[in-house]
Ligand SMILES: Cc1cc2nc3c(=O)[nH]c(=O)nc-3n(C[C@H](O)[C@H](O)[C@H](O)COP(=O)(O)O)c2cc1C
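Shown below, as structure tokens, is a lone chain in the form predicted on its own; questions about how it binds or moves come after it.
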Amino acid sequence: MKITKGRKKDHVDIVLKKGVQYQKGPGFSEVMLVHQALPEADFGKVSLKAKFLGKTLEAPLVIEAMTGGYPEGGKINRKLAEIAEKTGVAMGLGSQRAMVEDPSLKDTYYIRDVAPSVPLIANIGAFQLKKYGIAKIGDMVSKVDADALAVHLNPLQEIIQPEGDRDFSGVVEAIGLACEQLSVPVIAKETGAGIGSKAASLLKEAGVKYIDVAGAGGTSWSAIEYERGGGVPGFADWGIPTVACILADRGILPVIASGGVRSGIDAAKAIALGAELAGAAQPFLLAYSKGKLETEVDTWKEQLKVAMFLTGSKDVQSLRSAKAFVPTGLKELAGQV
């Protein structure tokens, strides 16, 4: 457990102190939302409200999985939860492996007392899901009163991580059992290298309800592991760009867009391309460290609303029909993944 606890602290510290971002972008800078000179909309009446996991959000945004498992991680989670509740967005917990290994760490993940109404996503790695079994993971989910379980897929991170897990056989079967036996829906989530259409189809067959694509272009977890003394070099930019993942997966399962989403404008582009929601971790962690978390979320919401107005989108549903230009190269890539 000490290894897991120390690793969680290492990850947060490295994200805050080092660059560890992909050199290639997620693709959002290449996507253009088509401006409507006659939006035929009242900006004051543009609605950001969206449904997710049976609850109503004030905006289709997710503060993505970050931390937990050590005292400062618990402090970060509580502040993230407070702001998620105040601003009406969803929230994901960091990997709860540490909590499964040491139940006394539950308090570093439990945030329902400060965020009673937000959609909350529990989190466990695919390898740990297979290792610990459904009963333990179900207990973990119930102890934090989560509305869904994210099973994170991180083979790239694990293969680079000095103490990483290597055997990912049997993961699809374990996910299928979780989908069958847990009382909450299962979300499959990458950790920065993206989910292509083949994996998305397998996940749909297993019973997964959402895909959080977490494509390449944001924080590089292999770069983080290199900072920790990781193994074989050359994979800091490995992965499928987020925009290509959205295009590839949108007809298979509902998509949560993450991986290099860095503004409410990026979020608007993601939704126009077919995502249900958009999320990020790094921008909100940095904002937390500067004492500006609420301001950051509010800025994203305002950017999203302005982008909707300028595309003639009166609500999130109409934003999904907004015109967006995508370069041929990204379309072709999406067809190949």
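Predicted model only: the values in this text are computed from it and were never measured. One rule holds for the numbers: they count along the sequence shown, beginning at 1.
The discussion below concerns the form predicted together with the named molecule, not included here.
Residues placing heavy atoms within 4.5 Å of the named molecule in the predicted complex fall in a single listed stretch, namely 185 to 193, out of 245 to 253, 140 to 148, 80 to 88, 185 to 193. Proximity of Val46, Pro60 and Gly264 to the named molecule in the predicted complex is absent: no residue of the three has a non-hydrogen atom within 4.5 angstroms. Within this chain, Gly312 is remote from the site of the named molecule in the predicted complex, having no heavy atom within 4.5 Å.
Remark: Val326 does not count among the residues lining the named molecule in the predicted complex, judged by a heavy atom distance of 4.5 Å or less.
For the chain shown alone, His152 is a contact residue for the named molecule in the predicted complex, at least one non-hydrogen atom being within 4.5 angstroms. Within 4.5 Å of some heavy atom of the named molecule in the predicted complex lies at least one heavy atom of Thr219. Contacts to the named molecule in the predicted complex (heavy atom within 4.5 Å) from stretch 307 to 337: none.
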